[in-house]
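Only one chain comes next, encoded as structure tokens, the form predicted alone.
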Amino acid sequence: MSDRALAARTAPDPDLADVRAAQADRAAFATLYRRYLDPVYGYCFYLLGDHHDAEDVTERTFLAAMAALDRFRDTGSTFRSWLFRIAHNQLANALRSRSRHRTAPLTAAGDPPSGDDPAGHADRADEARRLRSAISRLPDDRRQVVVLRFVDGLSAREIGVVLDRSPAAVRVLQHRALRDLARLLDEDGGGR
């Protein structure tokens, strides 16, 4: 094992002091909430594609995390991976519910971009739409790896905790997901 891999494996959880504070005083959970609200929401939005559903799942994630906070233990996985595991479970519940109700989310246009280059903004918006479309067509496990790694910045080890896989399996999924994503984008680009 390389020195870098060993250091990553034994690095302390940067959130541990805040977790301990929140376990002693629930009001201190606000620090963790503010730190992870956007990353958890982003993860939910990328997988659900609907702002309202993502907000609901994000809220359920933080409520579940707060309720289970006393059961969090520093056993080698980080608070961040523990929280994203809760989000993963909440997403699975939401996706099961969605498949039973078969409703399609409306696509959001988003806020108009600011700046002086409308053509550049249009190109970037088009690229973002193509990328979201390609990501949405990946198999679920590959889609989650891409979002957790490149949107939320989790390590292979943390993603392994979230998805209940080994870090090596996560790296294989990531490789396959990126290969599939490149193929999908090439197909959508039509020779761009």
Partner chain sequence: MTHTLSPAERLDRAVDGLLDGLSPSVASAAAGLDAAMRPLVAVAAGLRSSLVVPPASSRFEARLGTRLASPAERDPIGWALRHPGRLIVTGAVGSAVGVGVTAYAVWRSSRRAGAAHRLLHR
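Every value quoted in this text rests on a predicted model; they were computed, and no experiment measured them. Residue numbers count along the first chain shown, from 1.
Keep in mind the form predicted together with its partner chain is missing from the figure; the text below concerns it.
**Q** Taking heavy atoms only, is residue 141 within 4.5 angstroms of its partner chain in the predicted bound form?
**A** Heavy-atom contact with its partner chain at 4.5 Å: absent for residue 141.
**Q** So in the predicted bound form, does any heavy atom of residue 165 sit within 4.5 Å of its partner chain?
**A** No - in the predicted bound form, heavy atoms of residue 165 and its partner chain never come within 4.5 Å of each other.
**Q** Using heavy atoms and a 4.5 Å limit, would one call residue 19 a contact residue for its partner chain in the predicted bound form?
**A** Flag for residue 19 set to no.
**Q** Using a 4.5 angstroms cut-off on non-hydrogen atoms, would residue 132 count as touching its partner chain in the predicted bound form?
**A** Taking the distances in the predicted bound form, the answer for residue 132 is yes, it comes within 4.5 Å of its partner chain.
**Q** Would its partner chain be touched by all three of 38, 62 and 151 in the predicted bound form, meaning a heavy atom each within 4.5 Å?
**A** Looking in the predicted bound form, the three residues 38, 62 and 151 all sit within 4.5 Å of its partner chain (heavy atoms).
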